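Take a look at this single chain, the form predicted on its own, given in structure tokens.
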Amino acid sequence: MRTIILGNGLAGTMTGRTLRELDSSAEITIISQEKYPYYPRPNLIDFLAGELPLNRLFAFPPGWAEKQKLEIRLGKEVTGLDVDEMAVEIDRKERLKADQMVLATGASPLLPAIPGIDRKGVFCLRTIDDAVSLLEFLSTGPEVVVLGGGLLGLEIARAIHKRGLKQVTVVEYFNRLLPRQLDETGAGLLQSQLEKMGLKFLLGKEAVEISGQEAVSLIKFKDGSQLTAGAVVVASGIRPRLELAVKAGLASNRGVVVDDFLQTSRPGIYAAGDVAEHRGRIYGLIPAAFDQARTVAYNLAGQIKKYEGSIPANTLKVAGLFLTSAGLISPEGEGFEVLSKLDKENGLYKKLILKDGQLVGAIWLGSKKGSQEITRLVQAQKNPGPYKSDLLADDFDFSRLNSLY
């Protein structure tokens, strides 16, 4: 049984790795357009900040794929997908057939359709080559503007600032940072902490043009204001890479449409990660890509497994500050109970959202303690009972909840 996986990012690599765990005899081929073996994309931030050398970006040691009996073909472009023959065309000259297939082609940076977006000095950060090119340009010490105040934009800004470039400004379309992970209170606290580090922010701004002679020199905004810039890094979201799927006739919307078993409209062809659209949703999150990859692997191995979706949850460091955001963070409508604790002086903010007594959302900013336990409670939508207010205490012992379940 031969399985071909298109893409060697997290979703593709984890699918192959899990399938090997489940089936020692499976013939597994992973095809990647990138010339590098798998590396976690968050490592690019540490590389950009000078905290991680290039040779330590990769997730596995040399020889790992061979030991796993995974055929990984790097630097190869899939130029065609034949769903009827279950075959792929590589570099317009080679044809490979499979018994089953996985689309894990990921996503590309979403670039605003504005004049000057292709000008010299405009960058994205999605690959190792992107990071290397950006670092080379930054060596001249330009004023840097990051378009996008989401997770990636803030991390890029922090990394560039740590490299010694002090003129770094983050521009966000919405009126607060991290609109998907934080409410207004949390976003305000985070912004004040980042400003203490030396970062600058412009909120509620929409870029309409990037101008300059040969290279970038100025950004113009919809409200008529302007901002000087020697380099621009765009971090305004992602766009699933659908070209192969659409051309092959697979059902697609914003992403490749999959059912609850992560199978596409063509039996035997699955999709996982940033390219997959499940129940109308594209997650674009590492935990969801991991869950989907493992689900696909089980189904490839004949051990039927259903994917019920993922409750968005992230525990990470945003510019050096711990943040956990899980489930629903800004409830609308009736029936919700919100509990919170704010300590501006120490940069701490905790928020719990309950519905019908069940924990359905949480924000944990400025502290890692208790974040894993809170995330698990939200994902399981547990009822904390009489302890709901106590959960906000810095010294709460989560083992006290064991008596309730």
Partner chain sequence: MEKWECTACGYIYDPDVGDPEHDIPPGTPFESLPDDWVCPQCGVSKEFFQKMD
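Positions refer to the first chain, counted from 1. All values reported here derive from a predicted model rather than from experimental measurement.
The same protein also exists as the form predicted together with the partner chain; that form is not shown, yet it is the one meant from here on.
For this session: Determine whether any heavy atom of residue 59 comes within 4.5 Å of a heavy atom of the partner chain in the predicted bound form, and answer yes or no.
Result: Because a heavy atom of residue 59 falls inside 4.5 Å of the partner chain in the predicted bound form, the answer is yes.
Problem set entry | 4.5 Å heavy atom contact, residue 366 and the partner chain in the predicted bound form | Answer no; every heavy atom of residue 366 is more than 4.5 Å from the partner chain in the predicted bound form.
Exercise. Going by a heavy atom distance of 4.5 Å, is residue 29 a contact of the partner chain in the predicted bound form?
Worked result: Taking the distances in the predicted bound form, the answer for residue 29 is no, it never comes within 4.5 Å of the partner chain.
Exercise. So in the predicted bound form, does any heavy atom of residue 204 sit within 4.5 Å of the partner chain?
Worked result: Although the partner chain is absent here, residue 204 would stay clear of it in the predicted bound form, with no heavy atoms inside 4.5 Å.
Exercise. So which of 340, 33, 358, 372 gets a non-hydrogen atom within 4.5 Å of the partner chain in the predicted bound form?
Worked result: Of the candidates 340, 33, 358, 372, 372 is the one lying within 4.5 Å of the partner chain in the predicted bound form.
Exercise. With the partner chain left out of view, which of 198, 237, 287, 112 would have a heavy atom within 4.5 Å of it in the predicted bound form?
Worked result: Flagged contact: 287.
For this session: Can you work out whether the partner chain is within 4.5 angstroms of a heavy atom in all three of 192, 327 and 351 in the predicted bound form?
Result: Verified in the predicted bound form; spot residues all out of contact, no.
Problem set entry | Residues of 375-405 having any heavy atom within 4.5 Å of the partner chain in the predicted bound form, listed in sequence order | Just 376.
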